[in-house]
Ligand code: TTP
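Only one chain is shown below, in structure tokens, and it's the form predicted on its own.
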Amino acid sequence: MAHGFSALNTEVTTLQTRVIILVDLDYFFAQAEELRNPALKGKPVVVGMYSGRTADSGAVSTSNYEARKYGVKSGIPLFLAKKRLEGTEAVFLPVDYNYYEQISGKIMQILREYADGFEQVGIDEAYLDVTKRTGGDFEAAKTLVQEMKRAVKSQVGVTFSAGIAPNKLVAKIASDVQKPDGVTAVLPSEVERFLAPLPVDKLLGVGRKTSAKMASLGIKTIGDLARYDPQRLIEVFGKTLGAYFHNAANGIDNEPVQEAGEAESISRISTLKEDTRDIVAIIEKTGQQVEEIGKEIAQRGVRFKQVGIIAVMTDLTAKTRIQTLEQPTNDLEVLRKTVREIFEKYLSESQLEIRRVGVKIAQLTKEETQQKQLTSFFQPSNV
């Protein structure tokens, strides 16, 4: 980089030239079962969450591609999956989370070796920041992904699909383009062209209800959303979601790749009375957690700048979502409000019920360091 560049230009360039990879393990639970029993290869394999009420009650957690040819996908009732697979050699298996976690752990350990920054976001997904390792070169990133694929396949026996992009949001969408065992790279100059024609529900946070609401506004593609008046989006969806939809549609996402627990944090997690998607029940439980966290931050004399939620779903996958505040605070009302906003957004993304919920705060600073924090807030990297 030329020495004549200003500090602001340096920061902006850095943001624009990040190289982020999202690794998504292909049909993971079913693939893990094929790994354990190679005789399943070529047969429709369905891994289900059984409720125990009847032999067929429950939902599909994961299915392999042979089963998907018959319209069997995650979330549909098991009785319907069995109906669609009548007359085939279909194999139905219960979720074995401990086994899948062991396989996932081995894979994540391999992937970490290739990353400058690493963030596991579920049993079958991880983000890798490879900017330094690749020198910001997307071709080098493609080569790196192929090396990772060979390592994971030879050492564990599993395939994955990957998206390469300048940020996490676009990498996530790109990872879904070529499955299974594919790689899709989206260069910074291609982001707008890549996103524009996609249906708006490809964006995280746009579920069925939101998609229908957007359709009523004439928004059908991500390109439509990118061109839509941002002020009107805020009026319709609220400040947080409206701003998020505008930025996401324009491919803007500066959230760092950061290992959960990498920075000092305080968290609480507990089991709900029953599996639910009811925001009232979820907020009641997280409200108790906020109170407990409030006592700890008062005792320690700290403020927080990052708020996260943890959701353990009925298929036992653990999901985390993080939001960074404009400046550090110790205000519990801000924490409650932010936790609710993140959960509302997450519930619009997922159709599964939640079993356990958690609240986490991070980027902690001592009260006496607040002035330093406030001055650093206005540096170009936070613009």
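One-based numbering along the sequence shown. All figures in this text were calculated on a predicted structure; none of them were measured in a lab.
FYI, the form predicted together with this ligand isn't displayed, but the following is about it.
- Only one of Arg68, Arg355, Arg336, Arg321 lies close to this ligand in the predicted complex, with a heavy atom inside 4.5 Å, and it is Arg68.
- Distance criterion of 4.5 Å from any heavy atom to this ligand in the predicted complex singles out Lys179 from the list Lys106, Lys179, Arg133, Arg84.
- Shown here without its partner, the chain carries Val206, Thr210 and Tyr244, none of which come within 4.5 Å of this ligand in the predicted complex through any heavy atom.
- Considering this ligand in the predicted complex, the lone stretch of 38-46, 22-30, 313-321, 342-350 in range is 22-30 [heavy atom distance within 4.5 Å].
- Using a 4.5 angstroms threshold between heavy atoms, Ser74 counts as touching this ligand in the predicted complex.
- Interface residue remark: Asp124 is counted as part of the site for this ligand in the predicted complex, having a heavy atom within 4.5 Å.
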